[in-house]
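In structure tokens, one chain follows: the form predicted alone.
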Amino acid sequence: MAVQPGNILEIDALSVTYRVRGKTVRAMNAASLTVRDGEAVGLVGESGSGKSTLARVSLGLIPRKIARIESGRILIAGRDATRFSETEWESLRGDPVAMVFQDPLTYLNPVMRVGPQIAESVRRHTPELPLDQRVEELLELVKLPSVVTRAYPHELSGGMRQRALLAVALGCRPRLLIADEPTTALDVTTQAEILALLKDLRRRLGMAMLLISHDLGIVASACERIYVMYAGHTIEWGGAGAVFQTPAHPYTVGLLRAAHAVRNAEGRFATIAGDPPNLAELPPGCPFVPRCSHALAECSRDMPERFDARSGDPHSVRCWLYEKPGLGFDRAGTG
């Protein structure tokens, strides 16, 4: 794949394995994803689908002792970072790419006040700026009072800790912010506040964002393009409207049905039949076959590259149901 100008992040047919207890776990399987400068991209899928692995590999954070990139490429602002050393990765972390994790209490130093933690980020990436002034600016940017600089992480609420972690990330002035489940374990009101803050920050800073979540509603409200992952594969991607209004892959349809939280005639919530796949024992072909009521013979043999989902917008799907005109399935019957 040729490097495209304006792309801050490109994951090209990337496969990553972990060696755990004598078994090879295929965490990512020829997954591809692109984030352009200034845009918001959502990444959704069940737990264990490979979302967090994709985020971590984008910053060189996979554990080197047990993880291995088998094939594919990682490009950061046009630079091929696939085989970077730890020192080379450090030159990219923070600027141009920074990350906010889902549990800020885990990633903030518990014995260090918040102010010095933000200052450490500023000092590392923009040492020429007045330190105290820049920390105050960052706190104002994430809508935190200046007294937070003297607080320890455990003294803050969950929403305030998430904002503090955002301030640390923004201190590096990134072109791309990767937000990995940033609203997990927050109440609904605080979730809305964090999402509104992320939108405002993108607008004010011209920053791109990769938002990772299992909550389809959050991603639909915040992102312009969507990628859907299953068993380490990116199986569907396109504009948010196309993916959510005319889902192409049976798995995406199942996710959307489950997200509605509406009980059926028997009083049960919609679910996807079957169990998530064992990534240490993936069968050939499409990993969704055991749970798919629309599977064809080809599905058990090979995983397709990509087809046009024919939704009228740029919209791609890795599903044999779209190999030929006239094929597909009845979304109304499954959605």
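Numbering starts at 1 and runs along the sequence shown. Computed from a prediction, not measured in an experiment: that's the story for all the values here.
Although it is not shown, the form predicted together with a small molecule is what the next lines describe.
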**Request:** Tell me, out of 303, 35, 292, 27, which residue has a non-hydrogen atom within 4.5 angstroms of the small molecule in the predicted bound form.
**Result:** 27
**Complete:** Only hit among 46, 298, 70, 308 for heavy atom within 4.5 Å of the small molecule in the predicted bound form is 46
**Prompt:** Can you check whether residue 273 is within 4.5 Å of the small molecule in the predicted bound form, heavy atom basis?
**Reply:** no
**Prompt:** Is there a heavy atom of residue 42 lying 4.5 Å or less from a heavy atom of the small molecule in the predicted bound form?
**Reply:** no
**Prompt:** With a 4.5 Å heavy atom cut-off, would you call residue 20 a contact of the small molecule in the predicted bound form?
**Reply:** yes
**Prompt:** Applying a 4.5 Å heavy atom distance criterion, does residue 279 contact the small molecule in the predicted bound form?
**Reply:** yes
